[in-house]
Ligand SMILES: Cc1cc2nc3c(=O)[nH]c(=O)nc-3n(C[C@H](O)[C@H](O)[C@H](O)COP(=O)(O)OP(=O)(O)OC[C@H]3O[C@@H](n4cnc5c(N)ncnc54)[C@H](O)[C@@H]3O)c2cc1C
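One chain comes next, on its own, written out as structure tokens in the form predicted alone.
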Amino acid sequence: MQGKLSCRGKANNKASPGLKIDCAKLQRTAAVIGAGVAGSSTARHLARKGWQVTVFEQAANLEHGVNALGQLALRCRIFAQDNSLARFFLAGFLYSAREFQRMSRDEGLGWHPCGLVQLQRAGRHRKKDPAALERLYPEEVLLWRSQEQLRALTGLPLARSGWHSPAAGWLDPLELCQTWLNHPAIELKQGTAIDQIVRESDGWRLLSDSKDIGGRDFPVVVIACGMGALRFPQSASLPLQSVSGEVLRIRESEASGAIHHIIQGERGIFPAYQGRHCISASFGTDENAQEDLTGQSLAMVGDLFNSPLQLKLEGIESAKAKRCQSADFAPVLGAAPDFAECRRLYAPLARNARAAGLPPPAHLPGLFFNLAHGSHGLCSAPLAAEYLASVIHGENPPLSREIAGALDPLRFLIRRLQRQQVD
């Protein structure tokens, strides 16, 4: 592709088959399961369009998981080539930056657009061609800078050359979710674990310990509870993975007070917030790992600088969290397929991966997924929420068909059929 990466694709002037909802025939009430970044953003985007939303959160309060980390970075997930996912994450990054700026101006959100520096990785890590990436991405997203330029930019003795993302920044995820949920059309029910979603004639009934806790049938339900989605039969077949890790919070020193950008390498360090720096999470693929990575994380932060930065190492705090990601590391977004029926409809793909003339997919009416944002939730979840809200409300979605297809929950079943991996 010549020139900058485009956020646009082929116009999606109407929703895909099975996605379009006739709002005139629906009471505009929706339930969202999960009050994290995905769930709270979905609730707010629906509320903006005139929907009454009830959010069910299993935990007794919002200060848990990723929300308890204190600082979370908005950064664009970078791809070396133009493809649907690259376009989605670029569009998501720019959308989130505008959303957080608006919320900062209108609602007092503590959004800090300080910029991010990603130092070039050494050793076995593949180096991406700076010139090629600069041709793909706009300047507010990605600029290659020499070691001397980065030192001049940050005022810090950084160890290597790398990338500068001027539009990146950070915020407190707990404050973000609380701000999204602070809307007269949103009701938050905490300490309420939904364990069954049952289809009724007029919508979906939500049950907790086999008791009806919704008080009514919801015409629309959005599952946005990360790994918790696997407890529901409607989403149990999704290939979701739990990735665990921890962040460290260290006290600000006189020297570390000079950090005004997010500095990222194998680990990263944030500007001080409430007297402490956050050292970015050491997430790994083994969700049961108990290894203490404090020393390793501190050493990796030290590697960001040519000369040691004096840090206060007494009184280090840690916060652990788990993130939900999919098998292909892309969000799971869209209408919930009727997997059993779709397996029957698309059985010909197991005999011919390029079979044509197949029928449109079958969906469970009024049920949607917004899941698996992994470590890029601030970049992807707000735009994903706007996409779902637009589909549910009957508006033209903000994503092209190609991009929506790359995120569609049905993609995993289609691939398995094409690879003859389904019995």
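The first residue of the shown sequence is 1; numbering continues from there. For clarity, every value in this text was computed on a predicted model and none was experimentally measured.
A second form of this protein, the form predicted together with this ligand, is not displayed here; the remarks below concern that form.
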Is His277 near this ligand? Define near as a heavy atom within 4.5 Å, in the predicted complex. no
Would Ala43 sit within 4.5 Å of this ligand in the predicted complex, counting heavy atoms only? no
Heavy atoms within 4.5 Å of this ligand in the predicted complex: does Arg28 have any? no
Can you tell me whether His260 touches this ligand? I mean in the predicted complex, with a 4.5 angstroms heavy atom cut-off. no
Have a look at 342 to 350, 299 to 307, 141 to 149, 316 to 324 and name the one stretch with heavy atoms inside 4.5 Å of this ligand in the predicted complex. 316 to 324
Residue (of Leu383, Val53, Ile33, Val391) lying close to this ligand in the predicted complex, criterion heavy atoms within 4.5 Å: Ile33
Picking from Phe79, Tyr95, Trp163, Phe232, the single residue whose non-hydrogen atoms come within 4.5 angstroms of this ligand in the predicted complex is Phe232
Can you list, in sequence order, the residues from 377 to 393 that come within 4.5 Å of this ligand in the predicted complex, counting heavy atoms only? Gly377, Leu378, Cys379
